[in-house]
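The chain below stands alone and is given as structure tokens, in the form predicted on its own.
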Amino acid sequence: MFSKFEEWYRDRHDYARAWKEKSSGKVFGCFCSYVPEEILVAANILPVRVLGSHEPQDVTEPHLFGMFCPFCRDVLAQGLKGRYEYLDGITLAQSCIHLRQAYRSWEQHVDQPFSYYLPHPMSVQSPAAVPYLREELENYKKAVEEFTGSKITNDDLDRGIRILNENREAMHELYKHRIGPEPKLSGKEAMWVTVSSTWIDKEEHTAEIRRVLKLIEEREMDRECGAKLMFVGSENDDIEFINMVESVGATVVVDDHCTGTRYFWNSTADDMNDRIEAIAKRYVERPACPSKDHPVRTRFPHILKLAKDFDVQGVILIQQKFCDPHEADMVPLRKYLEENDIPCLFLEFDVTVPLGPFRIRVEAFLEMVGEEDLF
């Protein structure tokens, strides 16, 4: 049922090359989920999230400090190794200094026709955040128009907003089937869907979700659900890790990270005369990355609500090694969740994940969760 999403997840580069040849369109690499994809889709550009490969590499040492997070180093390695050679442009919306350095090094050392650093407000709780981002998005729109040689009209923006919103709505419909005593899809299958949505043509991706939604209600799972878990933390698209977690008696039913729900959770208003302001409002008000979640930690109640809505029995807190924003969040977040009767397991990720040791820790955590459910 989810084989097309698995194929897209596995063959992301082949898909982008084929799309580019078929459509004669341009492909932009997005270094962060804060990049305003509505503007790119309006310009007939395919947004492709730049992710790592989870493979050891030895090409970034001259460019990035060794204590920068492994995800940023893995991302830069993909550019230096030529795996995204089909890109026509790259964009970073400011999120953290580690990823910004990876972007700047890519910009300097990888031949790219177009690059754009998009200043995104770090203080999204400020009243100035939306007007500030609106002006920056206007500048970005103009730069894209100049590069493509085509004007982006209000009709184009309406189309971009509609296409993105339809995909987000379809994702929400699919996630509803992860609620209840017997979820209709595994966490691994959900990861194939959510992560592939960050680089597949959104209309094609939405159509495939709609096809699955017609069939999923009657689906009989061939595995026990086990304990219902939630992933929270740094970027995570590691299929081997989630497969291991679900192989020892659990199902991941929801998540909060930037290649999961934070990417698609809220929509862009489609009834505002100022389309650029509507887009700015969406990216300011979306579930926040911890790098932007201050002075009030708005993430914590949102994460707790997700855990309650999806009847989560335990949370695995995931942090990319040396990820400063998430590192600052992990201790208070764990305390907050445990005070609300949700047990937590903390795991620190590197480019490759030590599946054996992590398996032992996950098994012990599941035993603890099972014991708590007896009382």
Partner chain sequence: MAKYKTEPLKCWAKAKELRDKYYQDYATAHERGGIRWTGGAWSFDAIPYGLGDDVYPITGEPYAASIAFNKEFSLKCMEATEAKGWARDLCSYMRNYWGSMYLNKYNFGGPYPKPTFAFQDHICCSHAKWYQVVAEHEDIPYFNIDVSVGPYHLIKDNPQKIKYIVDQMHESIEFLEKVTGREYNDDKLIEAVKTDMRSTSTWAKICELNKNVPAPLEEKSMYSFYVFGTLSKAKKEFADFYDELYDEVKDRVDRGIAAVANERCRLMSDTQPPWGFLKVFRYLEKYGAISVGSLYTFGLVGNWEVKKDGTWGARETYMEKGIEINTRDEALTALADWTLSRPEWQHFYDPGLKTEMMLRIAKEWKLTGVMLHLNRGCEGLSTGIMENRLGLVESGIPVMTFEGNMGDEREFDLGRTMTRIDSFMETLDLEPISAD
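Quick caveat, the model's predicted, so the values are computed rather than measured. Numbering follows the first chain given and starts at 1.
Same protein, other form: the form predicted in complex with its partner chain, not shown, and the subject of what follows.
None of the heavy atoms of residue 215 is located within 4.5 Å of its partner chain in the predicted complex. In the predicted complex, its partner chain sits within 4.5 Å of a heavy atom belonging to residue 322. Among residues of the shown chain, residue 207 is not one whose heavy atoms approach its partner chain to within 4.5 Å in the predicted complex. When contacts are judged by a 4.5 Å heavy atom cut-off, residue 38 does not count as touching its partner chain in the predicted complex. Think of it this way: in the predicted complex, its partner chain has a heavy atom of just one of 238, 256, 189, 136 within 4.5 Å, and the residue is 136. Contact annotation: of the candidates 82, 113, 127, 181, the single residue with a non-hydrogen atom within 4.5 angstroms of its partner chain in the predicted complex is 127. Shown here without its partner, the chain carries 94, 295 and 332, all of which come within 4.5 Å of its partner chain in the predicted complex through at least one heavy atom. Across the options 248-256, 104-112, 215-223, 189-197, residues that bring heavy atoms within 4.5 Å of its partner chain in the predicted complex belong to 104-112. The partner is not shown here, but in the predicted complex the stretch 41-64 reaches within 4.5 angstroms of its partner chain through a heavy atom at 61, 62, 63, 64.
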